[in-house]
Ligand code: ADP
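First, one chain by itself in structure tokens, the form predicted on its own.
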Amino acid sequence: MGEGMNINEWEKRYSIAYYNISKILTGIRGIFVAYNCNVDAIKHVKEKDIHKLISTVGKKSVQQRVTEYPREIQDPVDLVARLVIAMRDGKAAEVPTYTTEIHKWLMDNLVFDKARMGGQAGIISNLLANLGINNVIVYVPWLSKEQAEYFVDTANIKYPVIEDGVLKFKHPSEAYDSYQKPKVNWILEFSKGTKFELAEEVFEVPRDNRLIISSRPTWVRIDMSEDLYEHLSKMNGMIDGAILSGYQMIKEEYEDGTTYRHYVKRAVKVIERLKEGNPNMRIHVEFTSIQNKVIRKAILKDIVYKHVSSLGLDTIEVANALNVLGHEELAYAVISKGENSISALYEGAVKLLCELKLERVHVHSLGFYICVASRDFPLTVEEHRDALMFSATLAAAQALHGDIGSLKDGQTALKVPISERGHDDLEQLEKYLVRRDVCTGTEFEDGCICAINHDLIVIPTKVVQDPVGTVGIGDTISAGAFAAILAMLRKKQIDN
């Protein structure tokens, strides 16, 4: 953007945007968040740990199982074998387990160093509660005692319960099901240089990485209890929007013979129910990487299409979505590292906006965000831009501190510099748009473009060089921007 898109100018805009949004967040009546959360148990595996595990389950059986390369974890031998493979190769891996017995065994044989909230709905609920949103109403179909302990201890986080046919709200720590087993993902981290021995051979870990044991017990269903479903519309005056995630956990077929179609139908019914008394209710879906194409397509074409207002995704997820919607070439262009990848990303976002009948699509990429919104959305391009900058500040704060405890914590990230690389990447998009007469260079410099059939908002973001943590940053970006949008819509409603 040469002299055009001035970084100092952007820094000023960032401060103003963060301040403006912070002031009006309390205007939001509430946000409903569902469905997925779990506990992430993190363990740094040292030499003594791996030796202990190998000898506990037996060297010979581990050796044998390593050659078989288990695709899922059914018993402790599978677990140790996959850990040995990950450490030997220094490669990251995620392997599912369909039983909670593995968690018990790990608790007995390898205590975790720390644990934290995991899963999109869990991470988003805690963030919104810490930002001071009035009512964060969270619903997880599998709320165990352990899970409840990881929700922040604030009065604004609420779990819906039905007592004597009446809808009530309690903190998750008072609303859990005491018979429910916990869903715990174990993250086993290991460091470069760690040595261990197996079958007379000594291995040395080539690079820092981790093995995730992803807990997918058979009772995990993206669904809602009948009781709550019946009472959903009673939340009408309490919430202005909903953030829904976790649909990636829907399976094609279940042990009891039901298929994904049943859960997709149920998911749609919940959305319709939420909108019943409030046609202006905004629904955001956080999209995520889904290997299974049948499920990916069903989420987009059956759940998102026509039912949802807003979609949040990253670059890879845009490509995945385009792929199942029949735009293979564009999907390929998005992930190719060429200079056309950013214009393909923009074109892809427009396709998602139009084909899925959405109001906005928010794409986050390292160094920049692209957001496309429908022209009749009741916010100006500048307001959309404020929402993006607010969320980019929160994301930087999370990378900086690993967690956001308050709006004040978020503010500290205003000192993080704007990404030069993101700034340069956007230059490619500017050339493309100016060439096609979508906008002038001056319009692009403001990040606010009114195209013929959509609004386009682009911003360079603040990137932390050595982040403390990267887990949940995408969730923070999408939820932060969506909350900002709800706050602005609400302000307009009250002002009018």
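Model, not experiment: these values are computed from the prediction. Note that residue numbering follows the sequence shown and begins at 1.
Here the subject shifts to the form predicted in complex with the named molecule, a form of this protein not shown in this document.
Contact annotation for residue 390: none of its heavy atoms lies within 4.5 Å of the named molecule in the predicted complex. Within this chain, residue 463 lines the site of the named molecule in the predicted complex, having a heavy atom no more than 4.5 Å away. In the predicted complex, the named molecule sits beyond 4.5 Å of every heavy atom of residue 25. When the named molecule is considered in the predicted complex, residue 369 lines it closely, a heavy atom lying within 4.5 Å.
In summary, among the residues 295, 399, 86, 333, the only one with a non-hydrogen atom within 4.5 Å of the named molecule in the predicted complex is 399. Note on contacts: among 440, 64, 56, 470, the single residue with a heavy atom within 4.5 Å of the named molecule in the predicted complex is 470.
From the list 76 to 84, 227 to 235, 211 to 219, 359 to 367, the contact stretch for the named molecule in the predicted complex under a 4.5 Å heavy atom rule is 359 to 367.
Contacts between stretch 474 to 489 and the named molecule, counted in the predicted complex as any heavy atom lying within 4.5 Å, involve 474, 475, 477, listed in sequence order.
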